[in-house]
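As a starting point, one isolated chain is supplied in structure tokens, in the form predicted alone.
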């Protein structure tokens, strides 16, 4: 009896968990996981740990290693982008980003867990040098290099959501002068009620005052209701 062919697109949390559950509950599966990126599987939610030197190496900021799933019988392919899905014939076209070759793979079950791509700001200058996105291993390494560069004095963080606040905190701890900008009137205002964000805003202000007294840190400036 032939194995059931399962293709998982994306090595995000969903893709990882899908493979774990499938291999725990079922036998005789042919599982292939395709990831377009070159790294399996960077946790952007853990980027702050790397930026603040809470982990020793960027390769430690990951949800799992390829061999973790390969030991369970799955095949894991980095640098492989799914470019087309043919639901009539149950096939996906997969491009090897290193060789440039495209190959078709049959499937019985298809799981999509492709994650997200951060949006550039729709403003002039978004593609200038020294404009970085808080997403992925490559960006993490670039940001870390700037935090370690003593010639970089000022950092502006656009967006006061969870990731923006973490970026501001990491930058302040690195000794940079930080400006945190958001369009709404409260940090984390899209996630928390005013009672909580008032506490957060005070905490940010207190950290800024503390920074004035700490020789290794610089004040954080928080701006709100600024058009992007």
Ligand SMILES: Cc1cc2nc3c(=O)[nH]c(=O)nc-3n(C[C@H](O)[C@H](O)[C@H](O)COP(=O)(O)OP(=O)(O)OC[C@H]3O[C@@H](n4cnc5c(N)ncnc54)[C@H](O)[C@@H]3O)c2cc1C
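Numbering follows the first chain given and starts at 1. Everything numeric here is computed off the predicted structure, so don't read it as measured data.
One more form of this protein should be noted, the form predicted together with the named molecule, which is absent from this view; the next part is about it.
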Note which of 183, 200, 45, 58 lies within 4.5 Å of the named molecule in the model of the complex, where distance is taken over heavy atoms; exactly one does. 45
Quick one: of 196, 163, 188, 29, which gets a non-hydrogen atom within 4.5 angstroms of the named molecule in the model of the complex? 163
Look at the stretches 152-160, 102-110, 121-129, 80-88 and give the one with heavy atoms within 4.5 Å of the named molecule in the model of the complex. 80-88
Quick one: is residue 92 in contact with the named molecule in the model of the complex, heavy atoms, 4.5 Å cut-off? no
4.5 angstroms heavy atom contact with the named molecule in the model of the complex for residue 50: no
Looking in the model of the complex, any heavy atom of residue 36 within 4.5 Å of the named molecule? yes
Looking at the partner-bound form in the model of the complex, is residue 9 within 4.5 Å of the named molecule by any heavy atom? yes
Within 4.5 Å of the named molecule in the model of the complex, counting any non-hydrogen atom, which residues from 93-124 show up? 113, 114, 115, 116
